[in-house]
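A lone chain, given as structure tokens: the form predicted alone.
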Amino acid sequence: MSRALASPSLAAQRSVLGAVLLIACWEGTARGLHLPAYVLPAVSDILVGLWSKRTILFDAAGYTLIEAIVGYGLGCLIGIGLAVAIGLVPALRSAILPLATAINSVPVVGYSPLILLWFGIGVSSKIVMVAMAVSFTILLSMLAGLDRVDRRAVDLMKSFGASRLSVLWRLRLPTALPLLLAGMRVSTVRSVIVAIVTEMLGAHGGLGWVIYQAVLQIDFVQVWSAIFVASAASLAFFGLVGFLERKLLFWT
């Protein structure tokens, strides 16, 4: 038990040490080689810029997180709903899966002009884009989990008179939960990325809009400051879903 308790602590210490070494190398390289800001600004300059523009950056981060979280939730509902529909009616697989694969064979950014045209440059278009990106990942994760079930267990339940819905609820969904939650955890980062990229193509606010405006103003320190804030927001979102995953899968 002592090893099990020490392991997460040791991993955390290594992560902190790795981050400190990376920052030290970054700072030393930027200062030692006198790199211009458009190539690589020093970490200290980025942190100073982040603090000076903290109000703008944190407001933008909140704007982006709202888009990412709402789109993420909608995408999860769509992906889970489609997977459950396929689980209940297997004939739907041949119709839903090829269509979903065809839609997602194009990078989600490729749909941005159409989505912005249909839904405007407000929050709605970002939510739709995030939902499109997340739903396919969740659909595949959920289907893979549903397909993991032991056919003998399914046949046993059916022999006792269990309906298809009962088999899904009592056997297939619990079996699919680990893969579903893993897909949900991975999708957190993707949702923030898609929201930021879509904001750069047209928005009223958000970290993507801040990055785009900073590039136009040739303020590369602010670009990096926004990237730092975006990374922190993604890590926080990822960590939250990971925490919920550990709580729900307490037996693993």
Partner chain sequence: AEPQKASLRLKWLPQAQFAGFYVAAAKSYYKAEGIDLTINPGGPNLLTENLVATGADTFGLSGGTDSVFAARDKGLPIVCIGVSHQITPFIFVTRKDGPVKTIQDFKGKTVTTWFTGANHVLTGMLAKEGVKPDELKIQPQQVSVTPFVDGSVDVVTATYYNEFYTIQSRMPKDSLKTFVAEDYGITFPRDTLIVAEATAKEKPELVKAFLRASLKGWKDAFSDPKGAVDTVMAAAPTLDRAQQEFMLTEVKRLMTSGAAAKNGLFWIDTDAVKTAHDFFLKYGVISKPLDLAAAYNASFIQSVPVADRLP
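Note that the structure is predicted; figures quoted are calculated from it, not measured. Positions refer to the first chain, counted from 1.
In what follows, reference is made to the form predicted in complex with the partner chain, a form of this protein that is not presented.
Participant: The partner chain isn't shown here, but in the predicted bound form which of T29, S44, Q213, S52 has a heavy atom within 4.5 Å of it?
Facilitator: Flagged contact: Q213.
Participant: So the partner chain isn't shown here. In the predicted bound form, which residue out of I121, A85, L74, I96 has a non-hydrogen atom within 4.5 Å of it?
Facilitator: Contact residue from the list: I121.
Participant: Any chance Y63 has a heavy atom within 4.5 Å of the partner chain in the predicted bound form?
Facilitator: No - in the predicted bound form, heavy atoms of Y63 and the partner chain never come within 4.5 Å of each other.
Participant: Closest heavy atom of H34 to the partner chain in the predicted bound form, within 4.5 Å or not?
Facilitator: H34: no, not in contact with the partner chain in the predicted bound form.
Participant: Is L116 near the partner chain? Define near as a heavy atom within 4.5 Å, in the predicted bound form.
Facilitator: Although the partner chain is absent here, L116 would touch it in the predicted bound form, with heavy atoms inside 4.5 Å.
Participant: Any of the heavy atoms of L201 lying within 4.5 Å of the partner chain in the predicted bound form?
Facilitator: Close contact exists here: in the predicted bound form, L201 approaches the partner chain to within 4.5 Å, heavy atoms only.
Participant: Determine the residues of 31-64 with a heavy atom within 4.5 Å of the partner chain in the predicted bound form and present them in sequence order; the list may be empty.
Facilitator: Sequence-ordered list: Y38, V39.
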